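Before any questions on how it binds or moves, here is one chain, the form predicted on its own, in structure tokens.
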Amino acid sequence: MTTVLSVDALAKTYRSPGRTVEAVRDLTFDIGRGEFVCVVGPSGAGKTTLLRCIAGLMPGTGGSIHLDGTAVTAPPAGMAVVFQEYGRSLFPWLTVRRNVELPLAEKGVPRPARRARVDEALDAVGLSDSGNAHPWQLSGGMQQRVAIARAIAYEPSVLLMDEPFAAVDAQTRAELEDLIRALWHRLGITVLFVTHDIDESVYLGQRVLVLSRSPTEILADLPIDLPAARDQLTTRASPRFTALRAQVYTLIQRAKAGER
């Protein structure tokens, strides 16, 4: 499998007058093209810091990140990010269509191609009939679908997701989990998905990276050997899901205890 994203000895230390905080220490892992990898860890483990460094939104203080062999020193063209706070990432004065289209316009995509890609993205997330609505007219789950549509319309090689379903109710969360897996299968994109939810990481991922307590290191890189076809009832009720969930839970407890 070809490596699309490589993180090598990444470190991040925050410095301010009279205070130094080592958030990330010597993180190394690779993600193959088309993989779905989840990241979990204790609260404050540096998951969001890691994602922001990978996205080029903040520099590391050591190590390197490469996307398709090119060093990431700023937000790369081949990457899209979906954040937890979807409401802040959408422009309330623009329609859903315009929100999805905006990054394509900034990228210089011709108007006919933009229209086609917006149509495809909205159809993929089940919002074909909501293009003329404004975000504030939609439910939280629908707003997050808009954010996902905007990301996939951009046609990234890597999609980063930072706890994107944490702010929605349980039923909507299950629907969005199945949506993102369906899009991953359909589009063949690479997904790095940060979550604090152990069950979600096992349900979604092909691999789960378990982070230590801050300063963050990789505590475990766990393969998820569940069937490729998954559903909320059968998969979560399977003995193998239960065993994998218990394994990740045990690792998280070790991380909280300070083990490395």
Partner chain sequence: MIRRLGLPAVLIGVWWLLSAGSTSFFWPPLSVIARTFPATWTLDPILHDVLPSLARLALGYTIALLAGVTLGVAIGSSATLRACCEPALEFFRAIPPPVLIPVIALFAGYTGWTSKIITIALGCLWPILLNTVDGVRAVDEVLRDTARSYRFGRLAVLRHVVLRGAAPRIVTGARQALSLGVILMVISEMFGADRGLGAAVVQFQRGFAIPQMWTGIILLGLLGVALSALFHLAERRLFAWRSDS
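Predicted model only: the values in this text are computed from it and were never measured. Numbering follows the first chain given and starts at 1.
The form predicted together with the partner chain is left out here; the points below concern that form.
Interface residue among Val168, Val158, Leu90, Leu122, judged by heavy atoms within 4.5 Å of the partner chain in the predicted bound form: Leu90. Mapping the unseen interface onto this chain, Ala71 falls outside it, with no heavy atom inside 4.5 Å of the partner chain in the predicted bound form. Residue contact with the partner chain in the predicted bound form: Gly56 places a heavy atom within 4.5 Å of it.
Residue contact check for Arg98: one or more of its heavy atoms lie within 4.5 Å of the partner chain in the predicted bound form. In the predicted bound form, the partner chain lies farther than 4.5 Å from every heavy atom of Gly141. This chain is displayed without the partner chain, yet in the predicted bound form the stretch 56 to 64 from 33 to 41, 219 to 227, 198 to 206, 56 to 64 comes within 4.5 Å of it by heavy atoms. Taking a 4.5 Å heavy atom cutoff to the partner chain in the predicted bound form, the contacting residues in 71 to 85 are Pro75, Pro76, Ala77, Met79, Ala80, Val81, Phe83, Glu85.
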